[in-house]
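Listed next as structure tokens is one chain, alone, in the form predicted alone.
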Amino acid sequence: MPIVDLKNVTFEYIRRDNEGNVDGITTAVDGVSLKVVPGEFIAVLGANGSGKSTLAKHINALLFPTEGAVYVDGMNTADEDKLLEIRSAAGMIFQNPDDQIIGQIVEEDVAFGPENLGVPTEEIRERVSDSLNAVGMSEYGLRSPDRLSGGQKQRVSIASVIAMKPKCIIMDEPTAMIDPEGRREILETAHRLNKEEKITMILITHYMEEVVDADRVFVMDKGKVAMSGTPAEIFSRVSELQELRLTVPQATGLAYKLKMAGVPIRDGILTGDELVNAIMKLWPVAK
């Protein structure tokens, strides 16, 4: 059974004028169907306004479809009696970690979710310890969140979600407000949780370099899924991505330029190492 199953999901925003009258309707998500298998690392790409963040909020039942249905771990998000279970199964990480941190010290923040689920005190202590350890923040448990860097705050946010024992974590542009070092820390944490804890990860991002290690990538445009496939398959279609106002990883872009210049280099190059290896294989031909 899929951990996430979107069936022909459409979501419309109603626009109103200053007097509260309906001024029009914007279709933010338009007939999207996709399934996520437990244990996958999924990336959703798209330019601003493509609908990717709106789609993410449906998986955590923060928004509900105008048409279609969303199932999380077999539960329909339209079932009000299941909302707590759904939000426990699919935790959400937002752009700004300050929007999620509410405790005076790190341990209090991580314990907040399990406390609201009615988890016994001893188990809460275990969950807090395990969650902070999972994101490499054990030594910061008694520190004020105000004294942490952006990357550290975001890892605390992830720990807070992990403490609720989710099967899936949706990360909505979690590195958008973080420096490059913090971005690296968050991505490493996400991939480690995916591999070691088998937590399904859904990463919403517009940073191309962040998706090269994903299992599958969905590219959104104007509320629809415009492309889907493995990272190598997606980044083999450079001109199409450019038409969608998206860039590509630096190594992919350079490989594409070499190919356009007549160099017989393969498609789907994602990293600098792959580019170097591909060029080295061409070296005997060049001589």
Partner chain sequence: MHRLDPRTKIVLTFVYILSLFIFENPAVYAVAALFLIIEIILSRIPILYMVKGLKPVAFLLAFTVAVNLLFTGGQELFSFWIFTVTIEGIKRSSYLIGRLIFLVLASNLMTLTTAPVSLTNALEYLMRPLKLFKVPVHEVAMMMSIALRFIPILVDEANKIMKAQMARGADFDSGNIIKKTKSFVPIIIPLFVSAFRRANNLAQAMEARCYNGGEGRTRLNPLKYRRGDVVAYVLLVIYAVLIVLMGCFLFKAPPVAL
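Keep in mind that this is a model prediction, so the values were computed, not measured. Numbering follows the first chain given and starts at 1.
Just so it is clear, the following notes concern the form predicted in complex with its partner chain, a form of the same protein that is not shown.
Checking 145-153, 67-75, 130-138, 195-203 against its partner chain in the model of the complex, the stretch whose residues place heavy atoms within 4.5 Å of it is 145-153. Residue in contact with its partner chain in the model of the complex (any heavy atom within 4.5 Å), chosen from 101, 211, 190, 169: 101. Residue contact with its partner chain in the model of the complex: residue 237 places no heavy atom within 4.5 Å of it. Its partner chain in the model of the complex is not approached by residue 165, whose heavy atoms all lie more than 4.5 angstroms from it.
A residue is said to contact a partner when one of its heavy atoms sits within 4.5 Å of a partner heavy atom; residue 37 fails this definition for its partner chain in the model of the complex, lying far away.
Interface residue remark: residue 108 is counted as part of the site for its partner chain in the model of the complex, having a heavy atom within 4.5 Å. Scanning 228-257 for heavy atoms within 4.5 Å of its partner chain in the model of the complex gives no residues at all.
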